[in-house]
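Heads up, the chain below is alone and in the form predicted on its own; it's given as structure tokens.
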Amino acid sequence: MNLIHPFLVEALGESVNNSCQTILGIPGTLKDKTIFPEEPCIISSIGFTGNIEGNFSIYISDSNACRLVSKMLQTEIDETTTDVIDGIAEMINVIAGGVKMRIAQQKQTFNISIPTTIKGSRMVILASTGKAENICLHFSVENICLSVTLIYKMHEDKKAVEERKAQAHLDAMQTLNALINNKN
């Protein structure tokens, strides 16, 4: 885990809470775990690149998405319409923007892409393996459950990586020469 991870956890939680408060007029409540019913769901994801790169995703059941967007638009929506898809995409966009604003305090920057939203059954968000970090927070907004995931990695400057490799090679050669010289 890197040094920015705890800050990102806090920034993500604050951004979700503030987004709920701003868009819905209701604060989001952080929960230990969200269990979604066996129903279709919506995942809206937005990528970002810069010093930090990765993506933000929101995972919400269809029925909860309809209830959330109903509150956003102050109307009753009973089925997943384009308004619901757009509303969930806007929610992840606002959340990502909130994290971007907070991360600037740590002298980290990134640019946000446009959201991609998919709908399906029994979908889950899988974190990539390797050097990527994964933060998943679960929220309730007046019994509307949703999960927000941030999968990220620190961008490595290619020149700095090459310099570290060259230095490691040089250090290995010096160590080998020292061992050879000590044997003689």
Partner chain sequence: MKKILVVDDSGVQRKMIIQIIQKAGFQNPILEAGDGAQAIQTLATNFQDVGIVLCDWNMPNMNGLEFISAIAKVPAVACIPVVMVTTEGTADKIAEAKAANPNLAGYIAKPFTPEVLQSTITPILQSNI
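Residue numbers count along the first chain shown, from 1. What you are looking at is a predicted structure, and each value in this text was computed from that prediction instead of being measured.
This protein has a second form, the form predicted in complex with its partner chain, left out of what is shown; the following refers to that one.
Enquirer: May I ask you to check whether residue 174 falls inside a 4.5 Å heavy atom distance of its partner chain in the predicted complex?
Expert: Residue 174 lies outside the contact set for its partner chain.
Enquirer: Please check if residue 23 has a heavy atom lying within 4.5 Å of any heavy atom of its partner chain in the predicted complex.
Expert: Taking the distances in the predicted complex, the answer for residue 23 is yes, it comes within 4.5 Å of its partner chain.
Enquirer: I'd like to know whether residue 93 contacts its partner chain in the predicted complex, with contact meaning heavy atoms within 4.5 angstroms.
Expert: Flag for residue 93 set to yes.
Enquirer: Can you name the residues of 60-92 that have a heavy atom within 4.5 Å of its partner chain in the predicted complex?
Expert: In sequence order, 72, 73, 74, 83, 86, 87, 90 come within 4.5 Å of the partner.
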